[in-house]
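Single chain ahead, written as structure tokens, the form predicted alone.
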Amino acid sequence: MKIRKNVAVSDSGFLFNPLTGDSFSVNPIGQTIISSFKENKPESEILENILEEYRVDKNTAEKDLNDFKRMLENYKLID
């Protein structure tokens, strides 16, 4: 997964899609996922980073990652 080139992403977790005018704020886990997508990390590595950084079980982390990815796809923020 890769964040679309036209989407602006700030270090504070603010996303802006200039094509639609939509803007979003994400929580710290969302920021980790967005940063990882920008670096073209594989999902398995993103999942491992979430498990190391946050106190969450693997099933919850997988579900949250998949839900977040679907949300980004629905808003056309990732390719």
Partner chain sequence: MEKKTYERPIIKPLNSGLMNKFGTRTEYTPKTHIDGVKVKDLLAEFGSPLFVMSEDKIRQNIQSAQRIFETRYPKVQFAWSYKTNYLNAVCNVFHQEGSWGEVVSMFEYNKALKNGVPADKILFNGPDKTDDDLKTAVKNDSPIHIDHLDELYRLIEISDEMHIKPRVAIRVNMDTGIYPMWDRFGFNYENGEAWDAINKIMATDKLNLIGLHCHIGTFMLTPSAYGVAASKLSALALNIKKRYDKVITYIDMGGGFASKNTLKGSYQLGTDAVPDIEEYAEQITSSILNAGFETDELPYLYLETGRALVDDAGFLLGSVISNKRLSDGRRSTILDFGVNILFTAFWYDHKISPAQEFSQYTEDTVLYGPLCMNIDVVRENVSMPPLNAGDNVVVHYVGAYNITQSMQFISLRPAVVMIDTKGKPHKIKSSETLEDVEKNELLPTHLNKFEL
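All figures in this text were calculated on a predicted structure; none of them were measured in a lab. Positions refer to the first chain, counted from 1.
Not on display, but discussed next: the form predicted in complex with its partner chain.
How about E53: is it within 4.5 Å of its partner chain in the predicted complex, going by heavy atoms?
Residue-level check for E53: yes, a contact with its partner chain.
Going by a heavy atom distance of 4.5 Å, is S25 a contact of its partner chain in the predicted complex?
S25 belongs to the contact set for its partner chain.
Can you work out whether S10 and its partner chain are in contact in the predicted complex, taking contact to mean some heavy atom pair no more than 4.5 Å apart?
Heavy-atom contact with its partner chain at 4.5 Å: absent for S10.
In the predicted complex, is there a heavy atom of its partner chain that lies within 4.5 Å of any heavy atom of I29, even though the partner is absent here?
Close contact exists here: in the predicted complex, I29 approaches its partner chain to within 4.5 Å, heavy atoms only.
Non-hydrogen atom within 4.5 angstroms of its partner chain in the predicted complex for each of D64, D67 and L72:
Yes.
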